Ligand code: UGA
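This document opens with one chain alone, in structure tokens, the form predicted alone.
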Amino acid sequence: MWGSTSEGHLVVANSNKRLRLSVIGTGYLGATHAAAMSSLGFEVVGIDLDKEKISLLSQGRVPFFEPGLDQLLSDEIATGRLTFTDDFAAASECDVHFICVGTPQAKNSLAADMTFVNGALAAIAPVAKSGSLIVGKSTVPVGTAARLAEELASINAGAELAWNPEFLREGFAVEDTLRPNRLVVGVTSDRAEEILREVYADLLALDIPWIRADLPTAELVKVAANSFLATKISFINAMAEICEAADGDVTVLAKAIGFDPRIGNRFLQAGIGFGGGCLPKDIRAFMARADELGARQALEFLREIDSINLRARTRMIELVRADLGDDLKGRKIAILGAAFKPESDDVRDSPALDIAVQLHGAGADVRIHDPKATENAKRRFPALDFTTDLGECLKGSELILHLTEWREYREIDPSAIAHLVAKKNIIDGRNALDRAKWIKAGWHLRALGVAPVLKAIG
């Protein structure tokens, strides 16, 4: 019987599932997967070596911001189906084990750091019961699953390995877990596929596409998808550079080409580029793996994609200097946004913070506001000036930079804040503001990929 949480997420009521699941790694991916699988009626144990994280999750508290997850987690803790521990022995009676640990970029290399994945496999393999299935969800270099399968066979011949890549969008993780746009499974036997079909039976009942693949193809699907997305974002940012040089408008250009069904209008919003804990490190790790496979030329274009993405941040600094002059010492700049995207408190490789750091380094008096990411940003860059008060952020500023497109920034009344600033100058780094409204209110507005100076309307 279908039901829903107070947040509207799909769940199963009064379900009696036979399989027991473990989730290894309780970060962004793992905590979401554990809570979602519990909501589908499974008994789930989440495992992590971080005792503080385990303590918070056991209390129904999410140690990061993800819309809807806090309610889902607390609801599932209350049912008794979902528990968390730092003891791998707690998974000994589980039938399916999901590896959901991180694969950050390695130090001094473009490659992925496989320490956590390797450690997870080494820890779960000895305690996994015969006949159980170990399922990787982490984003890994192609060939990892085959290597881990060999290692598993040498430790526990009764267990089997599969790969089931995740496609979560930060800010929509619960929805993307319970209503994914596809399910991809890399398996080496019909039995492994049957087990995963049982795990996802309730989702398959919603006619979600099911794709069976071999292990390397399943690994490649995630990095290929991220590479395509990064390419699309960097393409429109490259077009923004051309539009600026030619006095064109990239927002109109994007709208026009987006009507072509072969292109589509998603992710054609020019701005300061992509960031976060996935796209940048994933495309770099993909390039590194291609080098190892002797296929460097096949992904050579991704080097330029990465370069265009970083250049978009440099273009923002150039626009700041165009407005305030080359010498930025003491110039008051208000920055709206620290997270790499809205509906997230993730500041990893955040373009907004990168720009803030560069301006601070140039001597500017920078003050930063973000609805959710302030504490994470403070921990990463304690020398920067942060405030949770939007008015305080804007007070006395000579220039506002809109760098993360939170709804509350898009809904600002430009007339209502005019008295707070020293000069009515704003640069829209995300092309998300209503330009006509700001210009009509007497603001000087710039944006990446549009005419350098926009005159007030009317």
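One-based numbering along the sequence shown. Please read these numbers as outputs of a predicted model, since none were measured by experiment.
This protein has a second form, the form predicted in complex with the named molecule, left out of what is shown; the following refers to that one.
Although the partner is absent here, residue 229 sits close enough that one of its heavy atoms falls within 4.5 Å of the named molecule in the model of the complex. Heavy atoms of residue 278 reach within 4.5 Å of the named molecule in the model of the complex, making it an interface residue. Proximity of residue 340 to the named molecule in the model of the complex: non-hydrogen atoms within 4.5 Å are present. Residue contact with the named molecule in the model of the complex: residue 365 places no heavy atom within 4.5 Å of it. Checking 105, 269, 71, 85 for any heavy atom within 4.5 Å of the named molecule in the model of the complex turns up a single hit: 269. 233 is the sole member of 290, 185, 384, 233 with a non-hydrogen atom within 4.5 Å of the named molecule in the model of the complex. This chain is displayed without the named molecule, yet in the model of the complex the stretch 270-278 from 270-278, 366-374, 206-214, 155-163 comes within 4.5 Å of it by heavy atoms.
Residues 166, 167, 168, 169, 170 are the members of 143-171 with a non-hydrogen atom no more than 4.5 angstroms from the named molecule in the model of the complex.
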